[in-house]
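Next up: just one chain, as structure tokens, the form predicted alone.
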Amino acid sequence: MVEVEVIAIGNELLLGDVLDTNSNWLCQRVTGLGGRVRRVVMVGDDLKAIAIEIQDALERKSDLIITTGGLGPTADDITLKAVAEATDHPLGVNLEALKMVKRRYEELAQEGYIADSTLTPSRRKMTHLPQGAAPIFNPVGTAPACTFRVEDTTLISLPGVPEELMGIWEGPLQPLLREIFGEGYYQEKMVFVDCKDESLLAPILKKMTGAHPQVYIKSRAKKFGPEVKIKITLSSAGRDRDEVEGAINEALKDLTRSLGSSGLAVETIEES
């Protein structure tokens, strides 16, 4: 299974000015591809702090490290500088990135969004990538994303603007994602149980978790009050669809049987 870490970058995140929806969205997409996000961290616009987080993730031998934010034209957009420092690969003008940025500003000028397409120093800043990195075209904004291989780890740097991040992930980044994840598959089923005390489920779920280690099993109270319903989620991911579905179905059968033996009624079963 592909092991992934996400590093969300930006002072605005730590100040609470902006909600980090990007990390949640990426976790959902990685899980859906059959990968596993094992760590998400949020860090401010601090060169040393960002570089340390990247170095630590590399030392943990993550298969994929995703950074979000800090790719723009302003002075506080320092993500790629931190990548360069963390990997000891100096920044330099990437000719392919230069073409991408030039093309985007020319398009914006033609469409009347900007008055001048000249590549000013601030705009050229977005063409500076770590040596050996490759740019990924941004179909929504102006700053290219960046991919970089460090031994067995792939590092992907994405913009922080959600629309740009999503546009790159669902568009130009897809070939690389297929290369990394293969044909991953994810399945999730939800069991709603008529139970007013979640603690009654604890021994059952503990037994299920031990018997079905390839399936993630988690209970949550759907609502509180006299008519409490407990939702039990069963999820699994992998490269083989039949294996994933088989594991989920076996765990579901075992769970339903155990709940019935304990006098707990399963109301509904849903698939996401």
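From a predicted model like this one, the values you see are computed outputs, not experimental measurements. When you see a residue number, it is the position in the sequence shown, counting from 1.
Keep in mind that the form predicted in complex with a further copy of the same chain is not shown, yet the notes after this line are about it.
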If contact means a heavy atom within 4.5 Å, which one of 147-155, 170-178, 83-91, 118-126 is the stretch that engages a further copy of the same chain in the model of the complex? 118-126
Answer key, a further copy of the same chain contact in the model of the complex at 4.5 Å (heavy atoms) among Leu58, Ala211, Leu47, Val41: the residue is Val41
Heavy atom within 4.5 Å of a further copy of the same chain in the model of the complex: which of Phe137, Phe192, Tyr105, Tyr185? Tyr105
Distance check, Leu264 to a further copy of the same chain in the model of the complex, heavy atom within 4.5 Å: no
Though only this chain appears here, would Asn11 touch a further copy of the same chain in the model of the complex if you measure heavy atom gaps against 4.5 Å? yes
Val37 within 4.5 Å of a further copy of the same chain in the model of the complex, heavy atoms: yes
Contact with a further copy of the same chain in the model of the complex for Asp76, defined as at least one heavy atom pair within 4.5 Å: yes or no? yes
Taking a further copy of the same chain as it sits in the model of the complex, which residues of 1-32 have a non-hydrogen atom within 4.5 Å of it? Please list them. Asn11, Glu12, Leu13, Leu14, Leu15, Gly16, Asp17, Val18, Leu19, Asp20, Thr21, Asn24, Cys27, Gln28, Thr31
